[in-house]
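In the form predicted alone, a lone chain appears below as structure tokens.
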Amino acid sequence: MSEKKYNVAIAGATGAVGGAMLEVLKRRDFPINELRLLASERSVGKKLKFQGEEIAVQLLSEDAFEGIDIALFSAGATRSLDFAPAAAKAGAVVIDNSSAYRMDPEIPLVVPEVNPHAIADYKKHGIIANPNCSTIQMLVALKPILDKVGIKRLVISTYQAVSGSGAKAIEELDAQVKAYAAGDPLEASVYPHQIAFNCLPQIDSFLDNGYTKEEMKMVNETRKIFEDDSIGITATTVRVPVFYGHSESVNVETKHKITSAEVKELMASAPGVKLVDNPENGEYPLATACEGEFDTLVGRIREDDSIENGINLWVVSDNILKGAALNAVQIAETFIQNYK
């Protein structure tokens, strides 16, 4: 890590991901000179602790980024569109966690373990996009396979925690579980149906092709990050009654044959991956085991006998950390090491 210290701003500092960004910056000992916490008007003046110091939240505005080197955005797509260009104009490098810029062909979309070279394109607009949470964890696991034997097709099913929808969704699941135990009616407002003890095969809105926006994010972002539009990809994304941790079943058709033993060997040494694959002893990735974990957990690795070159993976990750805050901070670390 560079000995130089940087002025860092967090836009959306009072949200779940903003709070996780604070924690990740602390845990990874990011070289900070000044930390500026920004949020909407209702949070101005609120104090957040960072390394023993209480820092007052300031208003997120176009003139809030003077002197800032790195701006971490997790304030939603609308605010990113409104304020990220101003931050970049003020001289900050923006790392945006929203969907606002992900598919802009001139904005790099980065997972540091996968395509760190793409960061170099930040100079076009001063903005780097953080991918969707479900895409990030999958590509961390798939990159070693891609490099070794190539990927022809992906069939993906996700089982995504309610924390991916924000604090109100967490509260709704908690309230529904308590209401169910008490024999009271279950009320749903965040989701179109009850989420407690249920699975909802809808994340985000439906598109004309019958897929949801979340499903198409996984398709389009994967192709952009892997720089390969020829990969066949289909996804079904499901919201499940889990508080933290996204789980994914990923079926991979490779271009060349690879055995499950070879995939396990790749996963054991892959950056950002922890191999958890001892099913005989009940050891495999679990959502309850990934909370607070920086690594993406990979297990249940087995060959798909229904096709010539097929592998199945079970991939689990903390969606607030690697799926958002950690990936953004890792982008910042790679940036200051190689491009600042």
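Predicted model, so just to flag it, every value in this text is computed and none were measured. We number the residues from 1 along the sequence you see.
Keep in mind that the form predicted in complex with a small molecule is not shown, yet the notes after this line are about it.
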item: Candidate stretches 149-157, 179-187, 166-174, 106-114, one within 4.5 Å of the small molecule in the model of the complex by heavy atom; value: 166-174
item: Contact test in the model of the complex: Val219 vs the small molecule, heavy atoms, 4.5 Å; value: no
item: Partner contact for Ala88 in the model of the complex: the small molecule, 4.5 angstroms, heavy atom; value: no
item: Partner contact for Ile70 in the model of the complex: the small molecule, 4.5 angstroms, heavy atom; value: no
item: Ala268 within 4.5 Å of the small molecule in the model of the complex, heavy atoms; value: no
item: One residue of Val316, Ala332, Ala9, Ala324 in contact with the small molecule, assessed in the model of the complex (non-hydrogen atom, 4.5 angstroms); value: Ala324
